[in-house]
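The chain below stands alone and is given in structure tokens; this is the form predicted on its own.
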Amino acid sequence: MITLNNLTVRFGGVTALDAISAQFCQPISGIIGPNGAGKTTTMNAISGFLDYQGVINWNDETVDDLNPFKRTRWGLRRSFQKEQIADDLSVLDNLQAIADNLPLSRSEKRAEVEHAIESMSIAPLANRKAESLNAYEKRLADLGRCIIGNPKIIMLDEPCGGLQQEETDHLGELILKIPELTGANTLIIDHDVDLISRICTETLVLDFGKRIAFGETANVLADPKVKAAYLGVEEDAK
């Protein structure tokens, strides 16, 4: 369970996140909202990239005192809108780079890399340099990096952005396997409402840095405030 308690981020006089509280109890949860709503800022705060007020817990473990590097060793993984894989390294070496920074034995690191390759079905890509991969193949490699080392939290920032529908469907199926593969709680940002509906049991909706809805995904997407803020549908006149 990931708990955000009064999470607040300010950039000078601008409040990017305004006392956001939520308990993500389900294996896979979504964060949605219009552009500029604070979705990526939330992930950046959880990652330790930003100064924030409030408390971030995972199963009653507080991560607030950990810098980004220590959060990674603790068990935080994430992807970004732009894949963070080194183009001049093979897929295998990109996966190995994650394992090498974890407190594991050599045999455990090797087993984690092999597990990631098998789970993502990327053995044919393992020895190819990342620069030779297409966008979808890079996303698969990036997802492989996220499941290495018994992660506790996995965050995916627009994992299916720009992909074809068939590719999105397949990546969605792989994401659905993450809780079983790793036991991690997974948070997803994506503008594809169909994807969020399919793979996220619960969803947080942000707008202008404020929480406007949180709960079971189907109920959240039916909320008039969400339709007005995110889906572009006017609320019924009061």
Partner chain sequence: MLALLVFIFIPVLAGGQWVKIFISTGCFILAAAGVAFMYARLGMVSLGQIALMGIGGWVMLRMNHAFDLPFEINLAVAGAVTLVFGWLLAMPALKMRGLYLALITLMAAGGLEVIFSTFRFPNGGEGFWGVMPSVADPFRRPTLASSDADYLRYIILAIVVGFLIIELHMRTAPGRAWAMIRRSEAAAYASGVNVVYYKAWAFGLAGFLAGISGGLLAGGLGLLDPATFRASESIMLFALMIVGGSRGWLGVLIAAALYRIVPALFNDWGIDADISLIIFGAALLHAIITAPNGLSGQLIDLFSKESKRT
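Computed from a predicted structure; not experimentally measured. Numbering follows the first chain given and starts at 1.
One more form of this protein should be noted, the form predicted together with its partner chain, which is absent from this view; the next part is about it.
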Let me know the one among Glu118, Glu108, Asp88, Glu166 whose heavy atoms come within 4.5 Å of its partner chain in the predicted bound form, would you? Asp88
Just one of 172-180, 194-202, 50-58, 64-72 has residues with a heavy atom within 4.5 Å of its partner chain in the predicted bound form, so point it out. 64-72
Taking its partner chain as it sits in the predicted bound form, is Phe80 near enough to touch it, meaning that at least one heavy atom pair lies within 4.5 angstroms? yes
I'd like to know whether Glu114 contacts its partner chain in the predicted bound form, with contact meaning heavy atoms within 4.5 angstroms. no
In the predicted bound form, does Ala97 have a heavy atom within 4.5 Å of its partner chain? yes
Contact flag, Asn134 vs its partner chain in the predicted bound form, heavy atom cut 4.5 Å: no
Among Gln84, Asn101 and Arg145, does every residue place a heavy atom within 4.5 Å of its partner chain in the predicted bound form? yes
Could you pull out the residues of 192-217 that have any heavy atom within 4.5 Å of its partner chain in the predicted bound form? none
